[in-house]
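Encoded as structure tokens, the following chain is the form predicted on its own, with no partner shown.
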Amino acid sequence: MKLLIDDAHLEEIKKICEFYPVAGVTTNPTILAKIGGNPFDTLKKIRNFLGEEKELHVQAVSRCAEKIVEEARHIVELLGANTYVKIPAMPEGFKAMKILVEKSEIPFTATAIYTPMQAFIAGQCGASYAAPYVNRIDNMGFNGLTVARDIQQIFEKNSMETEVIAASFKNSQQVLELCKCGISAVTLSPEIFIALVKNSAIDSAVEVFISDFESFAGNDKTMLDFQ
């Protein structure tokens, strides 16, 4: 399961990438609004940091298919290889997906997914990823984890190449449940990323080991001090 960061603050992205295996970054208009200014100033900085080997997901915001396609080409032209254009899984979005598949090699992620049928249609349209909103689905009174798992099963049973990139999490347990069923990717806020292994028992165990070592080796001593 790939781990991506759902954020656009470069310093936060750098911090997470320093410690964790990160496959890329996802953004959306709401995330970019928290920074403001020219969105491409922010996105280019992220791309420069990530390099071309990691994924960057950027959303088109036009309402009609033809404009979405124009945006997609513009986004990839400015941000380069391994840039996935996020397109809402709705009728105009599906139309745009079909145009992109027929007339370009631009990869895209179907976003704003709340139902398995949205994901299925997006997959039939050639989406590289489908992004169900786990926590938002929960807030509507349904089970977001079940929806994400159902989408995964639909793709597998129908031999579709589209992958699930689950988004919108409220806790690390949700991430674990999707990891256990083989979801292809998740995109997480920096807070959820850190929570994946945040545990006072872990910190306590490490401190005990260090203290026990120093009890016979001396304060601030490590294995480097011995031969």
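Every value quoted in this text rests on a predicted model; they were computed, and no experiment measured them. All residue numbers refer to positions in the sequence shown, first residue = 1.
One more form of this protein should be noted, the form predicted in complex with a small molecule, which is absent from this view; the next part is about it.
In the predicted bound form, the small molecule lies within 4.5 Å of some heavy atom of residue 133. Among residues of the shown chain, residue 28 is one whose heavy atoms approach the small molecule to within 4.5 Å in the predicted bound form. Contact annotation: residue 172 falls outside 4.5 Å of the small molecule in the predicted bound form, judged by heavy atom distances. The shortest heavy atom separation between residue 168 and the small molecule in the predicted bound form is within 4.5 Å.
Heavy atoms within 4.5 Å of the small molecule in the predicted bound form map, among the stretches 175 to 183, 196 to 204, 160 to 168, 61 to 69, onto 160 to 168 alone.
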